[in-house]
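Here's a solo chain for you in structure tokens, the form predicted alone.
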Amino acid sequence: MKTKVITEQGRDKALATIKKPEVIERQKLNVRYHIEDLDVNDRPRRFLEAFAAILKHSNYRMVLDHFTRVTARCSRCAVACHIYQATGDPKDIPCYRSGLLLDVYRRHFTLGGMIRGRITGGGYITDEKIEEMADSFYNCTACRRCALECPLGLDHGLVTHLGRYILSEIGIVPRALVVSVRAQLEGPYHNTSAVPVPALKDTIEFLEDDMYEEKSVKIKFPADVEGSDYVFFAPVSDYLMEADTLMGIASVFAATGDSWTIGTENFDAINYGLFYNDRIMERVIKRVDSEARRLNGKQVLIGECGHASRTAKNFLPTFCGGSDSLPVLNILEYTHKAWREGKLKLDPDVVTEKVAYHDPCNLARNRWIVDQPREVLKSFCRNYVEMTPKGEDNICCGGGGGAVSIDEIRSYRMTIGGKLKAEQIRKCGCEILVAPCANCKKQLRELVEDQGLNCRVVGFHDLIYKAIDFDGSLKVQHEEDTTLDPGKYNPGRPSDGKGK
């Protein structure tokens, strides 16, 4: 899928910074995202020291040795990059971006590069090169679609991730990500949205009341139940803005009868470490493992969140026991399995709008979760339509790689990062766009608003909740309970972010 290159005026507007000149001067860094005030002296030396330490304590050297030997400059990846398709700027071609870091590795960490550098006296890393990397690596959404096109198998998304990791070690990282991680790991509430446990319990009690009123079924959100089959971790933002998603998930468990629980000592699945720092990612992963083991759970179950699912699936074995680590399941896999086993009855007459499905990059790029949600949706959404391309070749929403959390680059996300996705949505003509990922939902809702698209964005389990038809044995007569009388007490449900 191709698009027209954005106009020069539009590009300048999208790339404009809101930072004050005095801040840029003080931080000695002209990038669009905010960073915290840290040491600005001798950045090249500190960059190389951080790079060397990471190479010493990880296996990145093996990957970089391979990449520097086969580095391609064919730019075939350009056809897959939604950023380059929107800007037409050669600096947005993935292999150019990867070359920024690979050239540093080749010059400073290979024998041939060091010898040539001493002879020619050139190729040294400078403050200007660091600034270019700091800007370029956060223009990328790390969707890794370019990796599908590279004839030599270079993973440009991995190089971007490593570049961000090194930069973060010298204090160059979006403040929005740092503040959230600090709240999660060191704050009193241990989650990225600073939601206290009493507020969590109030929220799930409200949702239980709502489900009882709407479905006549007493559906519970169990908390701190030891020995459950599944310990459930959702992105904490779901408890604030995605009530229907959570109620849909709880409804699926009510239908299957399987045991599950939420842990009150750690209920946030978000792992921003994937976006900028492996040390952070490891610490967050270990907290997930610790909570699941505290409750003696059998499996880790991740909610509708692409990056949280990917980090748990790929890195729980890495950091928490290898083959002895707890199995990880995404909620889409669980619901699909329940549906195939005939445990879910979904009314085909409830959802009449034209429905399309968006593939989160972290779920679909390696073909982990592609067909499962589509099979379920097609079973009860009679007017299902498909976007093209789809599956592992899907187009990023434009908010990947942590970009959606950086509010000061919203203009960039809407007019460049999300340009191709907006055109894809408009072309398919859907009225409901299903996006089973917290980051994708936020980005796509803003994209729909800014681009004037005629559709609404919902989670996968939002539609499950709407269409689920419970067995009569689960339904109960409403008791005479004033707390469930809408005229006397109506706690409602958490806001969906639009005042509803």
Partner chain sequence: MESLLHFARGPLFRLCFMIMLLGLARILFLDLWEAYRAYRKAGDKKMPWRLIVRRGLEWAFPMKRIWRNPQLYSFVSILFHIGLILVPVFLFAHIDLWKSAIGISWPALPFRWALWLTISTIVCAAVLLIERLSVKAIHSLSRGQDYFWLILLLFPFVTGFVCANLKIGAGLYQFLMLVHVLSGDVIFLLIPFTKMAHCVLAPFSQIIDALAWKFPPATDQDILETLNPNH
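Positions refer to the first chain, counted from 1. Predicted, not measured: the structure shown is a model, and the values here were computed from it.
There is another form of the same protein, the form predicted together with its partner chain; it is not shown, and what comes next is about it.
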{"property": "Proximity to its partner chain in the model of the complex (heavy atom, within 4.5 Å), stretch among 429-437, 463-471, 450-458, 44-52", "result": "44-52"}
{"property": "Heavy atom of residue 388 within 4.5 Å of its partner chain in the model of the complex", "result": "no"}
{"property": "Non-hydrogen atom contact residue 148 with its partner chain in the model of the complex at 4.5 angstroms", "result": "yes"}
{"property": "Heavy atom of residue 260 within 4.5 Å of its partner chain in the model of the complex", "result": "no"}
{"property": "Contact test in the model of the complex: residue 117 vs its partner chain, heavy atoms, 4.5 Å", "result": "no"}
{"property": "One residue of 109, 339, 230, 319 in contact with its partner chain, assessed in the model of the complex (non-hydrogen atom, 4.5 angstroms)", "result": "319"}
{"property": "The single option of 255, 302, 104, 93 touching its partner chain in the model of the complex, heavy atom within 4.5 Å", "result": "93"}
{"property": "Its partner chain in the model of the complex reached by all of 195, 201 and 295, non-hydrogen atom within 4.5 Å", "result": "no"}
{"property": "Interface residues of 49-76 toward its partner chain, as seen in the model of the complex [heavy atoms, 4.5 Å]", "result": "49, 50, 53, 54, 56, 57, 58, 59, 60, 61, 62, 63, 65, 66, 67, 69, 70, 71, 72, 73, 74, 75, 76"}
